[in-house]
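Next up is one chain by itself, shown in structure tokens, the form predicted alone.
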Amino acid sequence: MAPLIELHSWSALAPMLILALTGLALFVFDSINPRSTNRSALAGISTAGALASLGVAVWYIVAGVGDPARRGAFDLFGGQLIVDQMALFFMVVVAVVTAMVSIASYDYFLEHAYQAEYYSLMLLAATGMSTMAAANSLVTVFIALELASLPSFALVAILKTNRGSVEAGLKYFLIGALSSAIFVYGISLVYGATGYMQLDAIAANLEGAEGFSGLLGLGVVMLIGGFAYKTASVPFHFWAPEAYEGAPAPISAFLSSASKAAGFVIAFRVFATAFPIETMAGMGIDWTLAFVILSIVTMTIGNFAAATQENVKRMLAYSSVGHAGYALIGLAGLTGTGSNDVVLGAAMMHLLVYGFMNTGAFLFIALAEYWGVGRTFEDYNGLAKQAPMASAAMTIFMFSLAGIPPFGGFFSKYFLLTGAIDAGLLVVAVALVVNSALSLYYYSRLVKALWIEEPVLERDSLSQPTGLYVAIIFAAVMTVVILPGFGPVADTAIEAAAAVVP
């Protein structure tokens, strides 16, 4: 059958190029008339750019770009970037989260003075995250990581008159700088042991590095540290509750969903491509063991910390740490004893579903902040009586995050569970079940406050900001309807994973 499209190699980067051009277009639009803030135009341009990126990425997936049996992957710049099914899958996650946050920000930043800068920084950060999905060399991985991180630091601190926002941005920047230094040092050690930066070249020359296994092992550990920071995994998770609580709620949604997914895709690609477990195990470096420990500790600490919070935003921040532990099962399960593509594909599915349910949950917090509702569980008492539709959406997010059927979070966790068991990781499987049961406690606590508890104080009537409502309802619908569409989603994720893992 003739291919649906004929692409030049550079056009394979269209999803990330569209995001970059949209970010620059926003600067140009604002520079034409800097004293006039047209909120509708700025939010519209940002949303249109994200949706265009999403549409192109989905089109490429359907057309078979990156599918080895059809059009194959696109290598660019001598293999520094690669556009395959995995890259396109995560470009979809980044684009859809960016679109939802752009729509929601229209209402949330009603009085904000630097709106063009806000949307531009978000689009540039999304460009870095999409580039992370396509990075195929430790050099491009680091450049993409910084391209995503630098605008993110500014976004967290964008509320200049808010002490919490500025403090969170400063802490995020300092910890980010430290983790970047650790990551670069790890890259230098891997380069020193193998002599290569490109991921497949590193894998091809590992046997020549047997005499430097100690150096290589230390480099791998430092790379794991860099990835742990980006994905808010233990022990580099402390920045997450501070940054998410202090940042504007839409930015908390953006960082905890899109940024986390981007952090995982480079971890998946680097470890599955550059460090084949059979070869590394022969050198005495079993990095899957590190991810087994990291997965269990991260999900346990994240969930126990979330269960003790009185602040709803911090509860969601710590629960995002717990979900990082779930996604780490995708790397822990690459033991070679089970179906590597299934367990890695399960982690990708979880990150896709998480993009909807977690973004929606943080956007509900943004809606509550817009109304002036407080931050504790008690402040949310009886909110469903005044906002039943938004509260119903939040209930869907909470039960899906907990893994209750029939929502998308249940099925992604089910695939993770079967993948862990298939890989022989029974301890990880038990930890997943126990932590999911624990998470049901604190997620249900918020649902109870919304629907059952009586309000502590009388509230005035609540407005219905269009942008926030549209984004929240869309996220809730996708969390539910992704269920009938889970077959094609699962197939796409597993096929994308199969092209990367051995």
Partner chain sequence: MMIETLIAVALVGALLTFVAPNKVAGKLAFAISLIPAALSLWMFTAFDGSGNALLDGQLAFESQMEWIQLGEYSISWFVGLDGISLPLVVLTTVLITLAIVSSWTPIDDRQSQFYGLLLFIEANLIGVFAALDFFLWFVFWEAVLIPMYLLIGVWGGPRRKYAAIKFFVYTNVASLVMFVAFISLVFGLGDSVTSFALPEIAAAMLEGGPGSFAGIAGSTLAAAVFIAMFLGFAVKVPVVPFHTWLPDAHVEAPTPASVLLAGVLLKMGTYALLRFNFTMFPDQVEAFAIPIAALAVISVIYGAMLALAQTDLKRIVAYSSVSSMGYVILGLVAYTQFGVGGATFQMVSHGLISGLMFMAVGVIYNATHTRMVTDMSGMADRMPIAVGVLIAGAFGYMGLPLMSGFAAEYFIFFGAFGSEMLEYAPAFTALAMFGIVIVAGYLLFAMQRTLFGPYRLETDYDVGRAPLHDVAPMFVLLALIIALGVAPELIFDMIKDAVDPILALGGGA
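Keep in mind it's a predicted model, so treat the numbers as computed, not measured. Positions refer to the first chain, counted from 1.
This protein has a second form, the form predicted in complex with the partner chain, left out of what is shown; the following refers to that one.
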At 4.5 Å between heavy atoms, only one of the stretches 406-414, 187-195, 100-108, 128-136 reaches the partner chain in the predicted complex; which one is it? 406-414
I'd like to know whether V470 contacts the partner chain in the predicted complex, with contact meaning heavy atoms within 4.5 angstroms. no
Touches the partner chain in the predicted complex: V447 (any heavy atom, 4.5 Å): yes
I'd like to know if F399 sits close to the partner chain in the predicted complex, meaning any non-hydrogen atom pair within 4.5 angstroms. yes
Considering only heavy atoms, tell me if A490 and the partner chain come within 4.5 Å of each other in the predicted complex. yes
Considering non-hydrogen atoms and a 4.5 Å limit, which listed residue (I32, A69, I452, L457) is close to the partner chain in the predicted complex? I452
Students should find that, of G164, G424, G208, P388, the residue having a non-hydrogen atom no more than 4.5 angstroms from the partner chain in the predicted complex is P388
For the three residues A177, V221 and A290, which mark the spot I'm curious about, does each lie within 4.5 Å of the partner chain in the predicted complex through at least one heavy atom? no
